[in-house]
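Read the single chain below, which is given as structure tokens and is the form predicted on its own.
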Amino acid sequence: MNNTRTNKSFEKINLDWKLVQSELKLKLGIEVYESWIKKIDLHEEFNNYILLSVPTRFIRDWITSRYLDQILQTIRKHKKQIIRIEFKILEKNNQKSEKFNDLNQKNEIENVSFIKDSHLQYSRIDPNKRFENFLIGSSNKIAFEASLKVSENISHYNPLYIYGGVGLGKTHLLNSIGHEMSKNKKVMFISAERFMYQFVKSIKSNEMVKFKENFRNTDVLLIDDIQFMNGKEAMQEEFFHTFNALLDKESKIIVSADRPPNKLSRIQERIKSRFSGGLVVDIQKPEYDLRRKIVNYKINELTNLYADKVNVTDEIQDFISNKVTTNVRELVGAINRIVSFSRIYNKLPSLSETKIILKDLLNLTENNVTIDSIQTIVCKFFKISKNEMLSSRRSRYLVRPRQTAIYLTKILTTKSLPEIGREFSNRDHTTIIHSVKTIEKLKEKNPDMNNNINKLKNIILYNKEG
């Protein structure tokens, strides 16, 4: 009986995966969408989590390590009760449906499967992340110079330990070192999470000798996000011996983390001591000059991909550089949104529209924008009372303001459809959807409606008209 009720409740509010993907396309950019997000399918929904499917383990690992937070955040805008995501590997291979009677064919398929899941698959260096396109400022110059010296083999420190917050360029530098040194040396580039996976897999399959050979017979070992090795005692033991073996044969070791060695939690002291014994450098948040340089570079890079170039004004470039200060990744995300908006609507956004597009990056959170404040501002704008707006009356002079308030609540907050419905006198979620679609259509056809929406957005977000 309980299962039946649960299923029925989800039939009412099914997650619109196409809509989620569209929002992620705008948020992350066309390149990320085509390379990764497009390959995700919604497999199944449950009470508080969803099961997504992807065609390979590599795609799953890449997505979970780089885009999982953004995906979950976008999903929760539509279904607040979703608190986690799980992945299922569903290989899209037509051959799987065929019967292979030939033993040679069967062995060939097994070999392909083995190769696909080998260490080599996870040692790929991104050719797009090189020293040549790493933009330098005072916040990252020391880390850049140290990385360059390692790659030129003129440094005497070992290991090189690079730390800094999310999205500041640590992985870019590791890729750059790997790209240069792989020209004449054997390079292994792997995340700590992937190292752990291979370690456990090798124990289960009784292949620890092969594991040791893979990681100890290399000239350069690059490990990304070492903080994820925390608490895994057996794996840390193996890593410690691998580390020592590589030092003994004078192999280079380059490590990245989100904090300095002495701040690593649940990592053996002797490992932290080895890290501290090399050169420890940090990457700080980008200063204004570097942010401005990145904005200009990325806009040129993006717009040069298309025949119809998008010339983002200096005013908007200055605004992004001033306001998006957390990390490089968010800066690039902001640029992707502006360029995507320009290409979708065939026009450059105004400064006011730019603020709307980037509202979550500008810390205009729903702590500042509440449903109550939206209702109050809309009622004042249309000169009606809140009681009238929330009533069941269907007079035209009440319906349009009500729909406008619902539309603004949907786009300016992360509230789910049922939550919005409850705040508008317990209206059904289908009414909420209808209101949003009605206003969207009116905006396209009616310039006055479009102007009113823009005015209300400015009042709600910035407490000013215009």
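Note that residue numbering begins at 1 and tracks the sequence as displayed. Small disclaimer: the values here were computed from a predicted structure and weren't measured.
There is another form of this protein, the form predicted together with a small molecule, and it is not shown here; the text below is about that form.
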Practice task
Go through 214-222, 165-173, 371-379, 385-393 and give me the stretch that gets within 4.5 Å of the small molecule in the model of the complex, heavy atoms only.
Solution key: 165-173
Exercise for the section: Kindly confirm or deny that N133, V328 and V332 each have some heavy atom within 4.5 angstroms of the small molecule in the model of the complex. Expected result: yes
Handout entry: the small molecule contact in the model of the complex: K298, any heavy atom under 4.5 Å
Key = yes
Practice task
Would you please decide whether R337 lies within 4.5 angstroms of the small molecule in the model of the complex, comparing each non-hydrogen atom pair?
Solution key: no
Practice task
Using a 4.5 Å heavy atom cut-off, state whether S147 contacts the small molecule in the model of the complex.
Solution key: no
Handout entry: Residue contact check: K129 to the small molecule in the model of the complex, 4.5 Å heavy atom
Key = yes
Exercise for the section: Using heavy atoms only and a 4.5 Å cut-off, determine which of I294, I226, I253, M181 is in contact with the small molecule in the model of the complex. Expected result: I294
Problem - Cα-Cα trend for I85 and E330, given that in the model of the complex the distance shifts by 3 Å or more - result: closer
Handout entry: Pair A334/D61, Cα separation in the model of the complex versus the displayed form, closer or farther by 3 angstroms or more
Key = closer
